[in-house]
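Before any questions on how it binds or moves, here is one chain, the form predicted on its own, in structure tokens.
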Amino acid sequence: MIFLTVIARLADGLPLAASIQEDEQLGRDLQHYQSQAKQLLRKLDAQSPDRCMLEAGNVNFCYFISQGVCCLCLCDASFPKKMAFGYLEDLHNEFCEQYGKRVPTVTRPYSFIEFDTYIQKTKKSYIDSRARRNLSSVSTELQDVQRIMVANIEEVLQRGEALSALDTKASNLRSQAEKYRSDARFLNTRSTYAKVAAVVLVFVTVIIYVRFWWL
């Protein structure tokens, strides 16, 4: 389920279009999540990761940034990551095609609120069970879906930690993990060579022993 969708200008977080799905389970929490979405949009900048998932308990915030436009959605934690980012990219492509040239000049919030019609249509195609099965079988550009950065919304908003800093930490962790794998491969290779050398040494020793003992 996708509960909230917001399209905003990256430069200042100005909301350009939005769509809200009322849900009994979220209830009043939806207003809290709307507030968090606004805070998050104001924190994003050109140095932020272009794709990110922020965990918030039973729901996740997902956003996609490109061409100075940020598409963000709030979805159930069980909603597939690939589907969430496919949805955001679909919205982004259509939005930029229709309004891309006007984005830098608008001054009023929700200047393109009529885009909600397309949001609703696209959201339905991703939520419908049969459509989801069809879409999941289609290859998308999200080949690196497993590499999308995942963080916690509270860490980003309450502690004021920049997403760019989190991305740097994630990159450092990936580098350290790659170095560990490289070192492990080197040690394994070295161990294999040592075992082969030991076998060869034993074999040569036996040959020398047999040769000089029996001849």
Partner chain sequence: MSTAGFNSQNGTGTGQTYTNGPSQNPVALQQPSGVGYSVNHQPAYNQMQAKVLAPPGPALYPSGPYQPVPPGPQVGSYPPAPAQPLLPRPQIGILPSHTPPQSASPSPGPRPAQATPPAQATPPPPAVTSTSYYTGPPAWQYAAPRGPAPNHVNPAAAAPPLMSHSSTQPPGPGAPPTSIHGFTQPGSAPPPMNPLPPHTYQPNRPAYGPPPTMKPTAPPAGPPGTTGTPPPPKADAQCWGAASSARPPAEPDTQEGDVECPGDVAGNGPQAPNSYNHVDNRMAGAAPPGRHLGHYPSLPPGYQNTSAPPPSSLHPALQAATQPYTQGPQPYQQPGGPGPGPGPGAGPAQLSPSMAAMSLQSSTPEALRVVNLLQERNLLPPAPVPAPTPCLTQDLQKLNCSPEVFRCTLTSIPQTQSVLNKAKLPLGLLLHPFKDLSQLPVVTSSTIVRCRSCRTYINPFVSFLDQRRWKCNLCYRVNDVPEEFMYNPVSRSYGEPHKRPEVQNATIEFIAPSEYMLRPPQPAVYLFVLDVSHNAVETGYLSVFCQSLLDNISALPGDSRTKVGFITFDSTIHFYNLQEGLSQPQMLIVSDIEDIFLPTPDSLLVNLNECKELVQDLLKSLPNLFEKTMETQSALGSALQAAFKLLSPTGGRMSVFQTQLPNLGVGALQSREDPNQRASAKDVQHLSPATDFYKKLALDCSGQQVAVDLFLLSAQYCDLATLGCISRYSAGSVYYYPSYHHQHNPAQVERFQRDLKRYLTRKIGFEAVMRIRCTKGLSIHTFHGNFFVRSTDLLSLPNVNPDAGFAVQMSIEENLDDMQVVSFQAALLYTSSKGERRIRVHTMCLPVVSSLSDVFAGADVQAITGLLACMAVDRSVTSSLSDARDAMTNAAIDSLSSYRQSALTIQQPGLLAPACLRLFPLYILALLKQKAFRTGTSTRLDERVFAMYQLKYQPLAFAMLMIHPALYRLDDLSDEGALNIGEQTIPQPRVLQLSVEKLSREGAFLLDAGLVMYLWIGRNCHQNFLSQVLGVSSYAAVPEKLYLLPELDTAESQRTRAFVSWLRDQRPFFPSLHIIRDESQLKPHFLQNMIEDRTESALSYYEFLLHLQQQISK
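Positions refer to the first chain, counted from 1. Because the structure is a prediction, the values reported are computed rather than measured.
There is another form of this protein, the form predicted together with its partner chain, and it is not shown here; the text below is about that form.
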Quiz item: Taking Lys81, Phe85 and Asn93 as a possible spot, do all three reach its partner chain in the predicted complex with a heavy atom inside 4.5 Å?
Solution: no
Exercise. Flag Arg108 as yes or no: does it have a non-hydrogen atom within 4.5 angstroms of any non-hydrogen atom of its partner chain in the predicted complex?
Key: yes
Exercise. May I ask you to check whether Ala11 falls inside a 4.5 Å heavy atom distance of its partner chain in the predicted complex?
Key: no
Self-check item: Contact of Gln34 with its partner chain in the predicted complex (heavy atom, 4.5 Å)
Solution: yes
Quiz item: Does at least one non-hydrogen atom of Asp116 fall within 4.5 angstroms of its partner chain in the predicted complex?
Solution: yes
